[in-house]
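Here we start with a single chain on its own, the form predicted on its own, put down as structure tokens.
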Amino acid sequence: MRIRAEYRIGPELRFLSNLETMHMMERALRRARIPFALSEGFNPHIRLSMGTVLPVGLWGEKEYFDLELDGKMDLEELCQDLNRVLPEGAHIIQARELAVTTPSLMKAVNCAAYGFILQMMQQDIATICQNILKADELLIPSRGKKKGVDKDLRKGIYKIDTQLTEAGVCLMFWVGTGEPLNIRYDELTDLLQQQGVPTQAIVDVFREGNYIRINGGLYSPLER
């Protein structure tokens, strides 16, 4: 049985690396006595794939992992069992069974939503959003493998939205990930600073979710 789970990593665990998060999930699977499947070979490991990497320093509202089980299990019970043993800040939201032919998370996910909590006037933020959306190009030095090369972020920014929160104004970016254009959250930070946002005005950054973008529509990895 192959499943995909949606989980939350709260601000308390924002400094876990992807490897540490995977180890946390593996320990939880063992403590909860989940009937997971193991790989073959001399060094068998749990058939667990954590999907897209959540950058260190960010917390995530809707993260995902794929897991292969050694048999059938009620998925509501699986979520409850894992939540009993996971540390504070980690929570399994829901899980669904996958078809054998479903592409992996790394192959399917091609969009992410990043939220920036800004302590600025809402009118000033609205002006920045308009400037970004109206721009023909947004050149930022790449922070990826091609360091020192300017990257045009405009082609990979699909949507921008704002909403009021208790901590400030949340500016959301829906951006491309993977191929053909991968936009990192720190490149978006550079873009905001280029647009006049002071560093001290950015009080929090998080990933709202990962998505599958098809013909302009955005879908949860649990939907597609």
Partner chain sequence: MKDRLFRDILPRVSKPIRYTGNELNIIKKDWDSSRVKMVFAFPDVYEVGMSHIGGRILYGVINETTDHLLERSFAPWPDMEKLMREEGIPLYALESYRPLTDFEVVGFSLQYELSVTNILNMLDLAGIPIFSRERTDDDPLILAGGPVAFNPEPFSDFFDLFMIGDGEEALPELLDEVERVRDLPRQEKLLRLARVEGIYVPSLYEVSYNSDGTLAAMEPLYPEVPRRVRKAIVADLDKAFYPDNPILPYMTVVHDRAVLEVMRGCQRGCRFCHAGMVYRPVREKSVATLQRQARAQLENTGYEEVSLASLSTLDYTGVNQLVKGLVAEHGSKGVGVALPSLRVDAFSIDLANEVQKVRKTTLTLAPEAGTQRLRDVINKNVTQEQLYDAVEAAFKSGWLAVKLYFMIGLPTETEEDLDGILQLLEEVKGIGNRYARRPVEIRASMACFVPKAHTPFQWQPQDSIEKLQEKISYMTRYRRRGIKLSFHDSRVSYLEGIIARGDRRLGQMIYQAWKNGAVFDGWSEYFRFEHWQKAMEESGLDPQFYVSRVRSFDELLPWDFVDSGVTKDYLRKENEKAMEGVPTLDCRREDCTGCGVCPSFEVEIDLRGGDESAH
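Keep in mind it's a predicted model, so treat the numbers as computed, not measured. Residue numbers count along the first chain shown, from 1.
Not on display, but discussed next: the form predicted together with its partner chain.
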| item | value |
| --- | --- |
| Among 102 to 110, 150 to 158, 72 to 80, 85 to 93, the region lying within 4.5 Å of its partner chain in the predicted complex by heavy atom distance | 85 to 93 |
| Check all three, E20, M24 and N43, heavy atom within 4.5 Å of its partner chain in the predicted complex | yes |
| M172, heavy atom within 4.5 angstroms of its partner chain in the predicted complex | no |
| Heavy atom of R30 within 4.5 Å of its partner chain in the predicted complex | yes |
| Close approach of V205 to its partner chain in the predicted complex, 4.5 Å, heavy atom | no |
| is_contact(L16, its partner chain) in the predicted complex, heavy atom dist at most 4.5 Å | yes |
| Residues within 4.5 Å of its partner chain in the predicted complex, restricted to 137 to 176 and counted by heavy atom | none |
